[in-house]
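Look below for two forms of one protein chain, each set out as structure tokens: first structure 1, then structure 2.
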Structure 1
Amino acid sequence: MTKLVHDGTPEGIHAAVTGWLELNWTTEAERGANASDEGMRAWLTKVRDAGLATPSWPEEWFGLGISARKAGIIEKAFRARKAHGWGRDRFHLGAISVFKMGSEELKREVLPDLLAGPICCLLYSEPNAGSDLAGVRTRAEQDGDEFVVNGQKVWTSNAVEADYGMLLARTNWDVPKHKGLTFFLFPMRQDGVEIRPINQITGESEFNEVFITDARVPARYAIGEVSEGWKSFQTAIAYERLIMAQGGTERRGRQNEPTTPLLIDLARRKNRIDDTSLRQKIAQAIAYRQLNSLNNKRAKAEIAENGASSLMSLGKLAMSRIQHGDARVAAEVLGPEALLSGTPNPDAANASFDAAKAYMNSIGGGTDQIQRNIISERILGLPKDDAVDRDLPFKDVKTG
């Protein structure tokens, strides 16, 4: 297969990718990709080899060496045709981490495969390392040219589907906690990896526990240097946040805001719209949402102008108040109907689901309390709290 031929101009790239899709994304190709894993792999391989999966990467690494803005033209063309495989340079965290931080050898060994299908999950949090991620206790011990891994990870989404996990594990217990960590590309499909789904308070099961017992990872699969994993990990989560922010924007862009806010609609259907006290609460709930979207708009304008905006860090915390608040007001609109559940009571079921789901925002990805620490320290410049374990060898750190 050959790379996409184009002249480098936006118009030329657009014409080239449209032509390529016309030729390759045929009805048969689409049917084939959707029919089986092999079919999908064949399609993704084709996209990879044409440089279309990671167009912003250099030509020697499956890319076209074009700017992110021009790569956007390719994504847009793929999305318009509902073709798979675009944007791996923006959304495939495993491939991005290996490409940006992996050794030459690792890149040659795994990138071709990573770009042709495999899914990566995140093996970060542990039962005793949630907010304090640098306190992970999963152990990786060298045995020849491999590491033997033992420990437990939690809150892993897509664990069952994943071929690899981005693993944060401790390789040195005699140094302070940030200094003894290694970041691995960890093969998931092996004995010694047991996955158990978590039943969430929403009734969903998006996450898993991953139990790792004497599992093995080649030493060359370390992303970045051994025991310098905290640095690699920080880079990886920076990409992850970028992905989440972009994903959030694109999701919002796709679905149109309803013209009538849902709470007004609910109050009308329940004949509560004339209740003056409820009206105040509904108005305030809508206001918090609108204020947040206006702040996001201002943040984007500031980023376009200055390259950065401190407002970006406020959105997640603001969203907690919005989601918990909306769910509370919805239940108040429902009155005692909010006690009910099940398919005969969709409004109540939705309200209860939303009330539970709000914790996803206020706990997941850093609790509101951690978020407040970050905002007050990084934006307001308030002093850090003393961390008692910062300079202790990790083996001497107290655990609960």
Structure 2
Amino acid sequence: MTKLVHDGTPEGIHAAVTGWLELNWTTEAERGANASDEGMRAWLTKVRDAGLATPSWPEEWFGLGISARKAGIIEKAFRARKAHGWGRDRFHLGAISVFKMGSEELKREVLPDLLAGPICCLLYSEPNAGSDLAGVRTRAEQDGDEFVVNGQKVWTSNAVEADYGMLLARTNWDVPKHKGLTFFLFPMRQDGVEIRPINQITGESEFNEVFITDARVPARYAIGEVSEGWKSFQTAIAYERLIMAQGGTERRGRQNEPTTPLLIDLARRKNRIDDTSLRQKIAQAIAYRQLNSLNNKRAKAEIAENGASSLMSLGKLAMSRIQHGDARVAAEVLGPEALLSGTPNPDAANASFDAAKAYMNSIGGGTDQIQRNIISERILGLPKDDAVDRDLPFKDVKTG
């Protein structure tokens, strides 16, 4: 499969990608992609090889070398056809981290596979290192050309389905906590990896505990330099916050909300659209989303230039406020009906689900409180809190 041929203009890209989809996203291809993992992998391989999975990347790395704005043309065309595989340069955290920070050898070895299917879970948080991820105690000790890993991770989304995990582990205990960490692409499907699902209030089990006992990861799978992984990790978490700031944790149908927002539709169907108080609250909710969209554009531009952006903390914090706020307004529109649930009451069930799901955005990728600290220090320039352990060798840091 050859790269998509286009003339570089928005019109030319649109014509080329719609023509490509017309030729390739056939009824048979759609049926195969939706029927099996093998069918989906075959389709994603086609998308990858055409440069359509990561169009903003250089051609030598499966891209088309076009701008993010022009890549949006491809996204719209894929969405219109309900085709899979677009936006992996925005949403596949494993592939993005390897592309941005991995060695040439690692990129050649794993990017083709990552872009053709496997997902990566995030092995960051630990029972005693959630808000302070630099305090992780999962240990990775070098044994020849591999590292042996022991430790526990928690709140790991999609660990059961993941082929790889993006692992933050300590490889040097004799330096301060930010300096002794290594960021690995960690193979999940091996002996020594035990996954225990966590039941959530929404009824889902996206989160998991992961216990790692004498598992192994090749030394060449380090993303960035050994014991200098904090920088690589910051790039990865910036993209995670970008995804969350864009509503990536919202239920399907809420993400990239349509022109007529769901709250307006709900108020119309419940005959509450003429309630002036509710109209004002709905208008405010829409304004928050629009403002957050503009801020996300600023953050994307800064990430493209610098590899990371503290502005993502603004976007992630704003999305938490948006999700909690929308759920409150929906409950107010519904009135007593909001207390109902189940299949006979889809509006109430959706409102309840959104209210519970909003806490995922408030916790994942760094809590709302952590985002406020980042905003105050890195954006507003306020003084940092005292950190007595910042310059101590990590082995000397006292824990409770």
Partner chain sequence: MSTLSNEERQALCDMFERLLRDRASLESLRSVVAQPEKYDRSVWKELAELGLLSLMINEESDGIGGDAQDLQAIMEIAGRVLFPSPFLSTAVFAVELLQACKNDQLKQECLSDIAAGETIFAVSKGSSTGSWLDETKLSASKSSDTWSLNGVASYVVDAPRADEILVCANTSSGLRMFCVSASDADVQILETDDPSICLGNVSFEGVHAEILDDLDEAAIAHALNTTLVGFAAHQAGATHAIFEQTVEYLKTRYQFGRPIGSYQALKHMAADLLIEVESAITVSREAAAALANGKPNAAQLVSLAAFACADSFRDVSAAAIQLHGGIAYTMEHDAHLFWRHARAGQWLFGTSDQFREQYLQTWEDAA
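The term rigid core refers to the maximal set of C-alpha atoms that superpose within 1.5 Å between the two forms. Just so we're on the same page, residue numbers count up from 1 along structure 1's sequence. This is a predicted model, so every value here is computed, not measured.
### Task
Could you point me to the form predicted on its own, 1 or 2?
The chain shown as structure 2 is the form predicted on its own.
#### Entry: Gly135 C-alpha moves between structure 1 and structure 2 by 2 Å or more, core aligned
Superposed on the core, Gly135 moves its C-alpha less than 2 Å between structure 1 and structure 2.
### Query
Once everything's superposed on the core, is Ile379 shifted 2 Å or more at the Cα between structure 1 and structure 2?
Passes the 2 Å threshold, so yes.
### Message
Superposing on the rigid core, I want to see if Asp214 changes position between structure 1 and structure 2 - specifically a Cα shift of 2 Å or more.
### Response
No, Asp214 moves less than 2 Å.
### Core-aligned CA shift between structure 1 and structure 2 for His324 (Å)
The alpha-carbon displacement, core-superposed, is 7.0 Å.
### Query
Can you give the C-alpha shift of Thr276 between structure 1 and structure 2 in Å, rounded to one decimal, after superposing the rigid core?
Rounded to one decimal, the shift is 15.7 Å.
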